[in-house]
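The chain below stands alone and is given in structure tokens; this is the form predicted alone.
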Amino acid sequence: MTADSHISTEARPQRPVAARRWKWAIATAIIGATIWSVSGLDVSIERVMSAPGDAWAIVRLMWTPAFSTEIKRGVLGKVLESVYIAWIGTVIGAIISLPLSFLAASNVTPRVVRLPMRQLFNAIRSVPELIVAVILLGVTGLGPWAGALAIGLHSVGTLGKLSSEAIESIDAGPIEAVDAVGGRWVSAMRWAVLPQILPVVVSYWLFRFEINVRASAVLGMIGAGGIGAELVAQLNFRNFPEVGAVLLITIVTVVTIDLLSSALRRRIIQGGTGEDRSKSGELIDDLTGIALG
């Protein structure tokens, strides 16, 4: 018997039985949950088969888009209003979430403060912008201010969680250097933590702005300002060419903002990482030198 035949006849290592059973159990649970969810939708096979044809019929009704009519109705101003709502909402979320994120990070805040703050972020994220806007409409009335506040409040939960996770992944050296020279907690956050997380956090803000632009278009459907109000109005009157024009203008706007924001986020991350590390190293050296006297 040759060496090759001896190797081929050796028993290959088998996966543990428990691991295989877990994989099958998870796969079965996923398939079962999917079947149960589909059955809960009460959708027939006939309806699924006819959906592509119905969708194509609506697309044909929207073609050719009535751009001239919508431009005369001020659709460009409504699109810009959606962008304004998204921007103000993002600014509100960024301003509130940044200081709160320090209180939710495990490496810089004690447990008694950290856990309630994390639960606050979870509670804020659990309520969709649409529900928040409906509640705020009774306070602010119809208009873009309700949409901006709803987006801003919802952004606090998401940005706070992401920013706190960024804080938890920092280099602890600068914090130890600040502690070594007798610096206070606020000084450590300002000079040791903030320079490390700022490029990443700013990229989170831009990414959230992209999401908020899309959300602001939806909020307009309930009277919270933006392009959604115009879209609902044309749908109610079955003016499908106008609907097509509104949708295409909105899509172009959102895609353009996404591309610009993505390019800017890449520039911030790639351009800021090396410089940020260099500054962090210089900060450690300076503070250590002060501590050693």
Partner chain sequence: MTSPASPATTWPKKPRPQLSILVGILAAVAFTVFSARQINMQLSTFIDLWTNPLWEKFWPIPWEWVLNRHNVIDPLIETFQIAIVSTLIGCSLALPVSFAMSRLTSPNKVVYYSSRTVMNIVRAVPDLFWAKLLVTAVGIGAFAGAWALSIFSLAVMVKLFSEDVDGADPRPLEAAKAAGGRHVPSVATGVLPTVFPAYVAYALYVFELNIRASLVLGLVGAGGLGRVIEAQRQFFRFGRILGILVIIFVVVFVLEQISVALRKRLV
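Model, not experiment: these values are computed from the prediction. Numbering follows the first chain given and starts at 1. Basically, rigid core = biggest C-alpha set you can superpose within 1.5 Å across the two forms.
Heads up, the form predicted together with its partner chain isn't pictured, but that's what we're talking about next.
| task | Could you tell me which one of 180, 71, 194, 135 places a heavy atom within 4.5 Å of its partner chain in the model of the complex? | result | Contact check passes for 135.
| field | residue 218, heavy atom within 4.5 angstroms of its partner chain in the model of the complex | value | Residue 218 belongs to the contact set for its partner chain.
| request: Although its partner chain is absent from this view, report whether residue 214 comes within 4.5 Å of it in the model of the complex, heavy atoms only. | output: Yes, residue 214 lies within 4.5 Å of its partner chain in the model of the complex.
| task | Determine whether any heavy atom of residue 76 comes within 4.5 Å of a heavy atom of its partner chain in the model of the complex, and answer yes or no. | result | Close contact is absent here: in the model of the complex, residue 76 is far from its partner chain, nothing within 4.5 Å, heavy atoms only.
| Quick one: does residue 104 come within 4.5 Å of its partner chain in the model of the complex, counting heavy atoms only? | Contact with its partner chain, no.
| request: Look at the stretches 164 to 172, 104 to 112, 180 to 188, 87 to 95 and give the one with heavy atoms within 4.5 Å of its partner chain in the model of the complex. | output: Among the candidates, contact is made by 87 to 95.
| Can all three of 67, 100 and 261 be found with a heavy atom no more than 4.5 Å from its partner chain in the model of the complex? | Not one of the three qualifies.
| Are there residues in 238 to 254 with a heavy atom within 4.5 Å of its partner chain in the model of the complex, and which are they, in order? | If the 4.5 Å heavy-atom criterion is applied to its partner chain in the model of the complex, 238 to 254 yields 238, 240, 243, 247, 250, 251, 254.
| message | So, superposing on the core, is the move of residue 50 at the CA at least 2 angstroms between the shown form and the other one? | response | Yes, residue 50 moves 2 Å or more.
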